[in-house]
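Before any questions on binding or motion, here is one chain by itself as structure tokens, the form predicted on its own.
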């Protein structure tokens, strides 16, 4: 847990601000978006002026379309020098993309995160690598602030928990996560609806993209790694976007022969964004950090310029170092 005095310091800075600018990492997942929006709703309910956003590409994943979006503003509309800025689920300023400049120019920067690779940036850092999700730390901060958790907030924070624990199946599922989940369900969150939206619904085009990606999958038995490549052209032909294929990495990682799964997503600008997962023998968070990315021990990401095959080979070459 976060030290109580540090929580109180963050709460005082936030409570003393009339306007709050909230940001999470680019390409937000359920923890990043759920934590940020859940906190934003609580702040608005407390009478604060609130805007929230993330860097380009500015698009909410289809799997998270049920999260309220009325606080969200695009990067061009985000305050350049906010009085107080709160960052969620980002281990370093570069994970904020163009909003990193706003973080640097803010009067007070509060960082709420649970990545072990967090660089310790910001004026007040609420960082707890033992927390199952950033949403756990948000709940602690809301309690110190005395801001109640309504049904909408509970839905956002339970989404954070459900997604970062893999529906409470990952090794980071601990008693604190389960206790908070029970509290959030008691506040009105519905785990059945969250799981359905996040894991059990996708546009038909997802099946086409998954078929293309899985047909290219390669298994390296010696490296205990399965990998594949998906391109923006694949998405265009299927009529879906990047946010519609978030669950594809979970299908790829089903291969029982592999400890590590790597999905290389080739964007139109030539950047290759790798999603990397581990069954437990490999610390992919540390591996990704060494390559300029970041994440958790079992789930991480990193961005490359160049051919996707080379990006996959970069991961392969470091596997033994992090086992």
Ligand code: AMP
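Fair warning: this is a prediction, and the values are worked out from it, not measured in the lab. Residue numbers count along the first chain shown, from 1.
One more form of this protein should be noted, the form predicted in complex with adenosine monophosphate (AMP), which is absent from this view; the next part is about it.
- Picking from 57-65, 294-302, 251-259, 35-43 the stretch near adenosine monophosphate (AMP) in the model of the complex, with a 4.5 Å limit on heavy atoms, gives 294-302.
- Taking the partner from the other structure, adenosine monophosphate (AMP) in the model of the complex has no heavy atom within 4.5 Å of any heavy atom of residue 278.
- Interface residues of 106-122, taken as those with a heavy atom within 4.5 Å of adenosine monophosphate (AMP) in the model of the complex (partner not displayed), are limited to 115.
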